[in-house]
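A single chain, nothing else alongside it, follows as structure tokens in the form predicted on its own.
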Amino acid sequence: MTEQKEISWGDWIKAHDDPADNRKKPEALDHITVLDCSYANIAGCFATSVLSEFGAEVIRIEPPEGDPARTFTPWGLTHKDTGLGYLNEGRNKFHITLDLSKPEGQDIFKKLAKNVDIVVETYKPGQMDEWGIGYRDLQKLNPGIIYCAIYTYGQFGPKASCGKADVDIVDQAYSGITAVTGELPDDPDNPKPSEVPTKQGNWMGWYAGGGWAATAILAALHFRNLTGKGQFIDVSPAEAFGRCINYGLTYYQEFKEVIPRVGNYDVGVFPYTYFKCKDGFAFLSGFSDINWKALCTIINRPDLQQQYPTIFDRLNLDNMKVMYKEIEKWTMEHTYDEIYEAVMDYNKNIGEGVVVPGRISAPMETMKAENWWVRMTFEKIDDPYYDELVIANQPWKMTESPPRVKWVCRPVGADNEYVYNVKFGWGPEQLKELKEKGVI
């Protein structure tokens, strides 16, 4: 231990969890096999991406014409016929085709499911059961199977049989979060066209659903290790995203009022928001009383600290608007670097309270940041099908069983021959016959 302490913590931990060495280490889930039956749904794809990064063998099942998720892309742009969105969530997966609506497809699926650990699906509730390949059918063949179904309204309840497809924007809206997201109206009775409830910039409903699904699956795997029992997992992405609602629900319960849309203000802390500066926007946080005093000192406005001395003064929305404008007068006279230097100089040399600065980065600025490349947050992968691509890597750095991306994606049905040959011993003639029947 003494010897280890002779080097800095940063050097020591990098030497032990450097993602550049992750391919030399064991994979936590390399004994696990997953069937991914998510359809037109990134929540299921993301859940199985997480499992695949930890080493699980994920077999992604698409209809013969391909999954619509492959078409999710900005302005119809594709890379080698694959949408840009799917290139993020096809990682490490084997891709086969199989028509689950046909009896022959259902029979093949049952044979596959008999020997896997996990099934993930995103069809409407009861669809897989109607086809004879739902959880209560599969558990008879494979009692240890872990079956995760993802759907906006869940598998039971008044809305479960509504017939609507699971789509991200509905997941977001139904969660309750969209209603409090967006610009603060200057005149609530006559809002501007831009002052409306606003969805998140990316598919946060789907990603929350997929992330929570992966968490539950890992817990179910642990439970199976202890008991030998598999189980059914029912995940609503709307509930998953709603889990991120913070104090909105408890506020309503206590006061029977809904927190209004407040834009970039936060009804729990101020200042904790973005301010325009000479070359973009700067984030400043200094919401506790001592930190607020520090910020007022930095911008040479002791009068603001005297006028709004307590957190309760600063949580009044009308007061927030006044303070915001006064702080922004200072930030607009400086570049972000100047703001950063002034804040950090105060934090280091005076230290009576701490102010936290941050910069709003465009995607390309984030992508160029040295810190993220050193940590392999981004990685260039020379993919055998899609050539060299930069990917957003997994966020976990681990000393013993780190995750990794082995390949980016594969075309529709690219692994039919490999998977069906390995699982069933089928040769080219049998595969050709199934293809002619439209089963694969």
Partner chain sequence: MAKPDYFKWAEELLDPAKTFEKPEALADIKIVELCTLILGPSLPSYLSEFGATVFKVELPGMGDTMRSLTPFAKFFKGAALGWQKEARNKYHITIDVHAEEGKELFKELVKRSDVVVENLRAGTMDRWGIGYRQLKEINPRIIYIALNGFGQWGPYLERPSYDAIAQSESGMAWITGFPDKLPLKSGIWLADYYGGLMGAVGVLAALTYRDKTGKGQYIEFSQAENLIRAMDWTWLYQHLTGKQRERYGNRDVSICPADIFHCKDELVAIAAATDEQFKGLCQAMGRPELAEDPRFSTHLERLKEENAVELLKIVASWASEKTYEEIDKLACEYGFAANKVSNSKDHFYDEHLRKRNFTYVVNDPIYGEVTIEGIAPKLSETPGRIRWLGKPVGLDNEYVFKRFLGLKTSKIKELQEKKVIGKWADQIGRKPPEDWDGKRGVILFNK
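Residue numbers count along the first chain shown, from 1. All values reported here derive from a predicted model rather than from experimental measurement. Between two forms, the rigid core is defined as the largest C-alpha subset superposing within 1.5 Å.
The following text describes the form predicted together with its partner chain, which does not appear among the structures shown.
- Among heavy atoms of Asp99, none comes within 4.5 Å of its partner chain in the predicted bound form.
- Not displayed here, its partner chain is approached by Lys124 to within 4.5 Å at the level of heavy atoms in the predicted bound form.
- By the criterion of a heavy atom within 4.5 Å, His79 is counted among the residues contacting its partner chain in the predicted bound form.
- The closest heavy atom approach of Ala160 to its partner chain in the predicted bound form falls within 4.5 Å.
- Although its partner chain is omitted here, in the predicted bound form all of Gly176, Gly268 and Ala362 have a heavy atom within 4.5 Å of it.
- Of the residues Asn115, Gln306, Asn300, Ser194, just one reaches its partner chain in the predicted bound form with a heavy atom at 4.5 Å or closer; this is Ser194.
- This chain is displayed alone, yet in the predicted bound form one of Lys111, Lys278, Lys164, Lys325 has a heavy atom within 4.5 Å of its partner chain; that residue is Lys164.
- Along 258-279, residues Val258, Ile259, Pro260, Gly263, Asn264, Tyr265, Asp266, Val267, Gly268, Val269, Tyr272, Thr273, Tyr274, Lys276 each place a heavy atom within 4.5 Å of its partner chain in the predicted bound form.
- After superposing the rigid core, the Cα of Asp187 is displaced by 2 Å or more between this form and the one not shown.
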